[in-house]
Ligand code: GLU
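Form predicted alone, single chain, as structure tokens, below.
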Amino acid sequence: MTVRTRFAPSPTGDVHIWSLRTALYCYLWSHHNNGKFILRIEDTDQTRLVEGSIERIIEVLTRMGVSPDEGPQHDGGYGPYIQSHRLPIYAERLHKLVEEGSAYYCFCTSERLDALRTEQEELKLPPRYDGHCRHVPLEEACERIAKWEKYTIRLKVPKWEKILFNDAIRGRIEFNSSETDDCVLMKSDGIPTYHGAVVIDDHLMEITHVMRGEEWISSIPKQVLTARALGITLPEYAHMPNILGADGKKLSKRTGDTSAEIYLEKGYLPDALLNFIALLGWHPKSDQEILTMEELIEKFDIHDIHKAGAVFDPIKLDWMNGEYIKVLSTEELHTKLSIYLHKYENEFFTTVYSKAEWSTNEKILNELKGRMKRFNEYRELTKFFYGAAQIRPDLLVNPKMKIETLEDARASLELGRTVLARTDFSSLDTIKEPIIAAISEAGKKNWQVLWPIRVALSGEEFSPGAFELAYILGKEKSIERIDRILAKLS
């Protein structure tokens, strides 16, 4: 058996984090088993379609490195892969169910159904179709259809039957058919509902495993009964736990950013984001947390997905992304950062970053590799490298650093300037050694001199160290900035 998984989003907007996790798990399980990962677009609810969504879905999957093996762009012989292009397939099979007696034509108007729902609400009964058209003879129904009377197709659900279902994550699940009403399989416009299409599609596309959120568990009886009526076997299902926000509730737009595109825009590396998402509901049988795509594919098992919800922790995501940035070579970091800046901060990229000399960018990247958590931090972290530093005498006095007065700071700056003026700037060590020696000779503590130098070079309370700043800026800029603040002090 060839393992075939499917990611079947509705084209209603952005790809959200929980959808990306579904796509990732489907990708990992299919590739773990040398199978196929399929993208199917479920657009039967035409009222919710958002223009351009299909293209955005494909783009996000491609950028994240989980491109489908089959789908709208790659026909593997099981298409069409967009449900609205498969209407004749559904019509043939669903009308056949009516002919066989497993479904029936329903002529109830929306007004009647609204009145029924209102009555049930007043009586505090669960909203459920009352089977009004269930016993209309087929011949009579066909005559009414011939007269252009609108109709839907409903599944004829057996009463008082126990439905048993085995879930790959949750084990045995039981339902009673009396809790399920005669659901609509095809709407009056000829478009199938989710339940009317999904079972047929999974069967014809030979899907072997379906992974989806736990909120879909309640739909199992309808799909079991629909599959039985059609005479087909369902794939193996795995209902995944919810992704939770910091408040312990299901992650939503109200509790945090949910769009995968937003995280790419913030500057998270796709590999790091996928690694993080993979651990939201699953974990390898070890303490390892940083995993390559190859390792994820090797270790992933659908049966090891957890039942309990997983909390989306932005702090851990920042840490993980920082770990991925650390191991990049400077050239790799430059390439990935350039792509990011070009797409999301193009003005800065074209007017600043791309115009700087490579030697400058290289030094900055080497310095920031161990500190930067996301690419959207780069511009803020480097503003004093590419532009003029603020003159901040207010930061010079620092009792913790034993700098009690501005006069103390001025004396330290003059000492530092004198040494830097005769120092070789070819490496960090050639800058560091003479300054440390001069500080010792003057009977001062290192921080009494290094703190004011750092403030003069960066104009910030928090920045890289004085030696790193001087090395990146070079001799001319370093001395110029010290001179500017000395002039301000005098």
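Keep in mind that what you see is a predicted model, and the values were worked out from it rather than measured. Sequential numbering from 1, following the sequence displayed.
What comes next is about the form predicted together with glutamic acid, which does not appear here.
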*asked:* Checking a candidate spot here: are 6, 194 and 212 all in contact with glutamic acid in the predicted bound form (at least one heavy atom each within 4.5 Å)?
replied: yes
Given that glutamic acid is not shown alongside this chain, does residue 216 nevertheless sit within 4.5 Å of it in the predicted bound form, heavy atom to heavy atom? yes
Q. Does residue 42 reach glutamic acid in the predicted bound form, with heavy atoms at most 4.5 Å apart?
A. yes
**OP:** May I ask you to check whether residue 198 falls inside a 4.5 Å heavy atom distance of glutamic acid in the predicted bound form?
**Re:** yes
In sequence order, the residues of 10-26 that place a heavy atom within 4.5 Å of glutamic acid in the predicted bound form are 10
